[in-house]
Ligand SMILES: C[S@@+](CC[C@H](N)C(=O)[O-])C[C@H]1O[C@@H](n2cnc3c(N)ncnc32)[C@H](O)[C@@H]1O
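Encoded as structure tokens, the following chain is the form predicted alone, with no partner shown.
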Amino acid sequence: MIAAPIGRTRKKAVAAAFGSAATSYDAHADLQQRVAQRLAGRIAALPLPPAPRVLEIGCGTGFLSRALAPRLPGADWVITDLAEPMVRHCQRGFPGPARFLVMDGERPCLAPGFDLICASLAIQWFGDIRAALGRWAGLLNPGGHIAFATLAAGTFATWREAHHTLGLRAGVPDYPDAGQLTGFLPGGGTGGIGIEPVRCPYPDGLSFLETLRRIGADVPAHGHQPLAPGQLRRVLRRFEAPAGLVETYETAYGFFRKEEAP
């Protein structure tokens, strides 16, 4: 038997996890909704044409597209996600005409011609962010924009520390810092990265883990072996605090504008 490439196997796991969470996502995705709203506000300030052609990558249930729709009246939308159930859910709630596709946003199968490519909390699941952003830039019109929100280094710091003090490694992925993300931005234009921490409270450690599961974000880092039940109980005791459990999400907002035609 020939094993499937690691990237393909992981993508299938990510698509399955988010697909199974499509119906429970909205009730547990407070962070995702807050980040999408903030990204939408920043996108609305960009110098876009009056009726921009917009591609959304990783639409989920539609937080970003629904927040942007009234801000970009007349936009021509292509809305995509890796998980088919998410695409269907987003399509049902989108307030207007759009083309909906099940698509791997890391390798978009579309022709160039977009004024805006946007993604909220999606690219942290990519195998090669730099290459993906380069492909996105190739789909932009001259003067077009890329706008995204993603997770950066420092995310899940409390959860990681609870593992580290016990000599264990957390299964959450490692995320790039602001400098690395800046280096991932394509050439042939201008852009930058801004970091904004978001602190989210949870009643206890099990609620934190259940929230990740309910939104489909519990796919572990490649090669991680699940903890034994006793190890997990010890981590949870370290993780929880009498004054209340708060986890930090270091949210990065990235923007790129392609050079105008000469």
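Only a predicted model underlies this, so the values are computations on that prediction, with no experimental measurement involved. In case it trips you up, residue 1 is the first one in the sequence shown, and so on.
The form predicted in complex with this ligand is left out here; the points below concern that form.
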item	value
Interface segment, criterion being heavy atoms within 4.5 Å of this ligand in the predicted bound form, picked from 178 to 186, 138 to 146, 117 to 125, 163 to 171	117 to 125
Q32, heavy atom within 4.5 angstroms of this ligand in the predicted bound form	yes
V78: touches this ligand in the predicted bound form, heavy atom cutoff 4.5 angstroms	no
F63 within 4.5 Å of this ligand in the predicted bound form, heavy atoms	yes
This ligand contact at M103 in the predicted bound form, heavy atom, 4.5 Å	yes
Single option in A36, I193, L68, V54 placed near this ligand in the predicted bound form, where near means a heavy atom within 4.5 Å	A36
One residue of F239, Y249, Y253, F18 in contact with this ligand, assessed in the predicted bound form (non-hydrogen atom, 4.5 angstroms)	F18
Residues of stretch 81 to 96 in contact with this ligand in the predicted bound form (4.5 Å, non-hydrogen atom)	D81, L82, A83, M86
